[in-house]
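In structure tokens, the next block holds one chain alone, the form predicted alone.
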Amino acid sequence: MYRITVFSCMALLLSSCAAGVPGGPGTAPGSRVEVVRQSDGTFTLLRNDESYWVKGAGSGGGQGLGGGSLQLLAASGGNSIRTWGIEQLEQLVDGKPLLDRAHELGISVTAGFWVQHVRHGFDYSDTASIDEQRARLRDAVLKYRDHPALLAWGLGNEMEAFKPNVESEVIWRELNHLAGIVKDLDPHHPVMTVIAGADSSKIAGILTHYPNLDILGVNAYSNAPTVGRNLVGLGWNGPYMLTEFGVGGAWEVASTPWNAPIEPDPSTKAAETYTVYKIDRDDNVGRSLGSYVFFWGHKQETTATWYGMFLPSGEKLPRVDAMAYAWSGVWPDNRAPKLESLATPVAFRSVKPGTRSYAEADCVDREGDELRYTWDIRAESSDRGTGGDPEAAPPSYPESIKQGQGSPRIEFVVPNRPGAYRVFVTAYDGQGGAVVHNLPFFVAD
């Protein structure tokens, strides 16, 4: 499963057979990456023969790399991004394909290949569909294997989760076959597969049916600090990465009586993100190869502010600064504003349509920049996806805000239509930083 030397015997044979063939495995790669097992049983990731600790972020292509955020990743001390689909590698960042721009900035890329999900209608008994997926993978590996920014191949994301209505071993066996395709075509980059948390049945299935796996990726939220220790208890003694982490998931936090998840405040999010990174790094030396924080971009999931580390307009949020400190040991010269408090009398309450109320925020800027405020009242999301699937943004009610837009305090009238809502505030420092938070309320006749 793990290469002790640069190539296994099979890789050497394949390389020799393909030597001199343009584009074959014998072609000099743009980078050489391997997982090395040390004599004491620990693991090291080597990139071009140098130890490489992944200080990464998950990035969703166009959602995640606008407004100079890839450049900011490098400036913050990050060195890698993880994508979910091959098509993201061609998306333009600063006018250049993602891989090219990442290489210019010294950032490596774990290239995600989306392995289809049963819950999305994929049939693992359909030979034609299986063959088509395998063919797409071959094309992708042949196209990108020699790019110098490539770090690893990410085969699949949480395709085993959400009760897939097939025996899990079918998925693990197909992943093993796909990993074999990668290894035949590209012996210079390891294969990682990402799962949704870890339990005994998943680890047993992987150990039994997926021997071609080099690195286990684990997405985890509230339990992220314990992933490394738990994997050992479940029988996984190989290398791993935290591939999504950051804040408690919307399914893991307290909710209002009308089942609206209560979003953590920005300082709590930043502290939690920093702490998870430090615990995983310091407590799992020799097994953890690094991590990818979630999410280096903007994403509507439960709310427009829960997981994203940037606003849609490109301003960074406090979690970006927390990761800059975690990665580099120093704070950025200009930090995002800090929210001291957000309050409204209607928070967490049921109120009558047309009720007049107010909301006020107390924000500070460490550099003394003048803050600009925007407020928004939105319906609670009614388009809750599963496993990060795309969600539509809920409607906004700007007419509800009667006075104070642009200031730290507003007066508003709650919408006339019964249902769940949130009041959002965003404070901008004018220097590329912002802070945002929301409080839920309910309108009932």
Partner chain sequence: MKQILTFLALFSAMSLSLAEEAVDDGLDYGDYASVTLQVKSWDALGEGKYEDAVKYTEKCTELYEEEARKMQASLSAKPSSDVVNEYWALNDVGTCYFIRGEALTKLRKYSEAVAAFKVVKDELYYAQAWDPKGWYWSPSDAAYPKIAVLEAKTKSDF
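No experiment lies behind these values; they were computed from the predicted model shown. Residue numbers count along the first chain shown, from 1.
There is another form of this protein, the form predicted together with its partner chain, and it is not shown here; the text below is about that form.
- Only one segment in the set 184-192, 323-331, 113-121, 207-215 has any non-hydrogen atom within 4.5 angstroms of its partner chain in the model of the complex, and it is 323-331.
- For the candidate spot formed by 270, 283 and 366, every residue has a non-hydrogen atom within 4.5 angstroms of its partner chain in the model of the complex.
- Proximity to its partner chain in the model of the complex, defined as a heavy atom within 4.5 Å, singles out one entry of 311, 86, 231, 279, which is 279.
- Here is the short version: of 176, 79, 288, 256, the single residue with a heavy atom within 4.5 Å of its partner chain in the model of the complex is 256.
- Its partner chain in the model of the complex comes within 4.5 Å of no heavy atom belonging to residue 238.
- At the 4.5 Å threshold, heavy atoms of residue 265 reach its partner chain in the model of the complex.
- Using a 4.5 Å cutoff between non-hydrogen atoms, residue 358 does not count as a contact of its partner chain in the model of the complex.
- The shortest heavy atom separation between residue 340 and its partner chain in the model of the complex is within 4.5 Å.
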